[in-house]
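So this first bit is one chain, no partners, the form predicted on its own, shown in structure tokens.
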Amino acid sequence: MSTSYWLDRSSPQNRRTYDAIIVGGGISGLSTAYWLKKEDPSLKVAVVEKSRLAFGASGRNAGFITGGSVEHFNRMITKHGLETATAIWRFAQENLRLLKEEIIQDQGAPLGFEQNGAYSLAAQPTEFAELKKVSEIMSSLKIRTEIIEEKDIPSRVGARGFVGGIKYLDDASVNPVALVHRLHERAGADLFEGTEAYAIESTSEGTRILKTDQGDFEAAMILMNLNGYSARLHPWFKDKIYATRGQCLMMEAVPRFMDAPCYANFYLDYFRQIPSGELLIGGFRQVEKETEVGYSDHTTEPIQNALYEFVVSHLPQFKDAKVTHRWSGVMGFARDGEPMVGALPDDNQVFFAGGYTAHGIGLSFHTTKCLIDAVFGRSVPDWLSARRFG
């Protein structure tokens, strides 16, 4: 973002002063506000958001609260080793436990929260064989899964064209926008919507100035929660968190038949029937992977067509339903696929969390708890620490 001379509203007279300023009004930013205020309720905390709450990826996703990260568990083991892969999965499980205990509480129905598990479906025998191996490994670690045979898929999911799958029994789903608003309610931080940050400066007094198009904010520390937009505020993130577009489609409601959300095609595609009966489907980045990058949230005809064709082919209950919404959102994909927390190498008063790689709801509440641990000098897991990038 850039600000013209004519639009610049910053001046010492209209500067707002806080103990901490959080940049980003999505689930990560509001989670950070919650944990920071829980650490010290006396802190004066502001959340600065360029549009409105949950307007970015937090309000444009499918609402899955899933375990693990962006890959099947066996591939996580190949990538990280068994110990770290298991730690990441446990971390995600703890994320859900914390959300339920600290935020959702007795508000499950208003938040559209359901813990019915989630399926990973295989269209080919080779993928089903891999999924069964995943289930065996996870069961040995006492992570609850269930193998789903081809004959059971129509009655469980109402889908056709799949040869089997597994079900992660502890996964959940939620209305993501309602969750972010609940976080704001629980956090109690001041919110400044319609306020876009474009620079961070230091003062001679040792504080930090957040420059925005609505004037300056001053605080002892700034906490960035911009995920896919991180590099727009600081260049350190350019080779660590990549802006990546994801597209979705919504179809009008039919009587509910699907008992849990579903992944297909090695996590690349996903769909769920929300409590009111509508179908939400997203994914198919692989159709135009090279172009699904950058900060634009436009939709494209090839991917939207692929989403619709998937519904027609695999979910006949929606063959006569109308498309009601098409949208996209900008996610933050980390260089190694895992989120990161820390402070900027050149400024230990600017902290950050991001790089959720399409698993923000499943990871960010626990990740930002670790961010506040870092702020107060406590240790964080090595796989989560941004120090892994040197």
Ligand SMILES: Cc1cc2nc3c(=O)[nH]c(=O)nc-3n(C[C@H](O)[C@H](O)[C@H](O)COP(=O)(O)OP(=O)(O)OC[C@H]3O[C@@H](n4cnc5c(N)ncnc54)[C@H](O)[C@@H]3O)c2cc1C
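Remember, it's a predicted structure, so these values are computed and weren't measured experimentally. In case it trips you up, residue 1 is the first one in the sequence shown, and so on.
We do not show the form predicted in complex with the named molecule, though everything after this point is about it.
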Open item on the list: Each of V48, A62 and G362 within 4.5 Å of the named molecule in the predicted bound form, by any heavy atom, yes or no?
Closed with: yes
TODO: Using a 4.5 Å heavy atom cut-off, indicate which stretch of 23-31, 37-45, 318-326, 343-351 touches the named molecule in the predicted bound form.
DONE: 23-31
Task: Partner proximity in the predicted bound form: Q273 to the named molecule, non-hydrogen atom cutoff 4.5 Å - done: no
Open item on the list: Against the named molecule in the predicted bound form, would V330 count as a contact residue? Criterion: heavy atoms within 4.5 Å.
Closed with: yes
Open item on the list: Test of understanding: in the predicted bound form, would Y229 fall inside 4.5 Å of the named molecule by heavy atoms?
Closed with: yes
Task: G246, heavy atom within 4.5 angstroms of the named molecule in the predicted bound form - done: yes
TODO: Name the residue from E127, E196, D259, D269 that puts a heavy atom within 4.5 Å of the named molecule in the predicted bound form.
DONE: E196
